[in-house]
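Next up: just one chain, as structure tokens, the form predicted alone.
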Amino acid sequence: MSAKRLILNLFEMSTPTHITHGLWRLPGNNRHRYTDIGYWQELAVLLEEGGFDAVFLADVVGAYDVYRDGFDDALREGLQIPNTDPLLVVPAMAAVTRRLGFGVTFSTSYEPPFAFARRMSTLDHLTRGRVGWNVVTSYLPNAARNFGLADEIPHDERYEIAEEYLDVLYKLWEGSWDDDAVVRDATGGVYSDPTKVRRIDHVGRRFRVAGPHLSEPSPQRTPVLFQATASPAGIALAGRHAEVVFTGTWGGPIRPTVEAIRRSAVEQGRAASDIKVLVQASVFVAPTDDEARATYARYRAYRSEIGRYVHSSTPFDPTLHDPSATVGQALAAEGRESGLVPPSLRRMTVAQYSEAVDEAWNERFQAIGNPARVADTIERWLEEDGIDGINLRQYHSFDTALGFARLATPELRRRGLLPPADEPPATLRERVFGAGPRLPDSHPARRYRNGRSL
């Protein structure tokens, strides 16, 4: 039996099609209800009762418009457009739950940090400390154009911006207010002690922020810091800042990536255990193996060929080429620049490429079968791959989460991989790490606590 406790999140997005292309058409799927507050509240109750730690909410601030040089296909597929703001659905879910956490995606590339700091503190207050932030740097060219830029910010420069963005937020969340600044002295007529609140006076290369932070200290102060990455620049950033890293690989073993992430943390003066590592996983569970395989086959029949190309921003049209042609040949036939495509991809056949980018059916982290078989597979991931948990890919709302909650969760609880149903409420950081609600002393943000180092 594994000694690890599984971190279990549902991977979601406020949109008709997130990462399971074409499956919004499945009979009984509720994806079209993403604008309905009832959808999010029903889902939240289901997840809390099913032992999930959090719902992890993805987001984009632009349309996928690389494939076929436009966003028409994204619109036809409902692929992450239309969408709504993930931060705004959190209070609705928090109102009907006590233990479920919320990981929300927000980009450091385009919007100023000061206003975002208040929004996240507000969510941390309203959820009683159950919120985390998925730190992203935005990769869609259309997103850059939506915020006044001519083109996408280069990859490594986006990470440089993120470094300063995080520094500003740490100063606001950790340094601007002392824990005991709010005194609520009705007799003396003092709500907050001005000697315990301070400006941050940040002057950097990209941001100038005076402060003070507009929100009093929330239960966690800094939300749990998530990051999705596998790139060298991303791993370096994660080693300095992240608490939970969502990662993966383009084929091959994942343990080297997991070890690189933890090694990066140690190199930054943190402990390897300061970072939990999650992967995206597909689970098809049913009372019997045959029923689980039948569900898998039924869902797979609805997959969209075009959706995979839209989502991967494919720079050519695979539908126009012989499947045996190489990607390099296809690019040349369409007169497209091939220098930006890695040589390993250019050497793939069109057929190989098409399968590789259809991530919703990637078998690397896939479990199909009865509850015991699924639990065996998940336990093997924890031990052999060195991960700490999964973001469960949702194929059908709400059957994916419901099936896991009713069938897999009881077996995982029996094995000690999930906490009991009556676990008391806690902040998200306490639930994930089993320690206190605030960042540990090893985290760089702590240098600003109570105004130190401002």
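We number the residues from 1 along the sequence you see. Everything quoted here is computed from the prediction, not taken from an experiment.
This protein has a second form, the form predicted together with another copy of the chain, left out of what is shown; the following refers to that one.
*So which of 320 to 328, 233 to 241, 208 to 216, 349 to 357 is the stretch with heavy atoms within 4.5 Å of another copy of the chain in the predicted bound form?*
In the other structure, the partner sits against 208 to 216.
*Find the only residue in Phe71, Trp361, Tyr139, Tyr296 having a heavy atom within 4.5 Å of another copy of the chain in the predicted bound form.*
Contact check passes for Phe71.
*asked:* Considering non-hydrogen atoms and a 4.5 Å limit, which listed residue (Glu160, Glu291, Glu111, Asp274) is close to another copy of the chain in the predicted bound form?
replied: Only one listed residue qualifies here, and that residue is Glu111.
*Among Arg118, Thr122 and Val197, does every residue place a heavy atom within 4.5 Å of another copy of the chain in the predicted bound form?*
Yes, the whole trio is in contact, each within 4.5 Å by some heavy atom.
*Although another copy of the chain is absent from this view, report whether Pro82 comes within 4.5 Å of it in the predicted bound form, heavy atoms only.*
Within the cut-off, so yes.
*Indicate whether another copy of the chain has at least one heavy atom within 4.5 Å of a heavy atom of Arg336 in the predicted bound form.*
No, Arg336 stays farther than 4.5 Å from another copy of the chain in the predicted bound form.
*His32: heavy atom within 4.5 Å of another copy of the chain in the predicted bound form?*
His32: yes, in contact with another copy of the chain in the predicted bound form.
*With the cut-off set at 4.5 Å between non-hydrogen atoms, does Asp59 touch another copy of the chain in the predicted bound form?*
Judged by the heavy-atom cut-off of 4.5 Å, Asp59 is in contact with another copy of the chain in the predicted bound form.
*Give, in sequence order, every residue of 172 to 189 that has a heavy atom within 4.5 Å of another copy of the chain in the predicted bound form, or say none if there are no such residues.*
Heavy-atom contacts within 4.5 Å come from Trp177, Arg184, Asp185, Ala186, Gly189.
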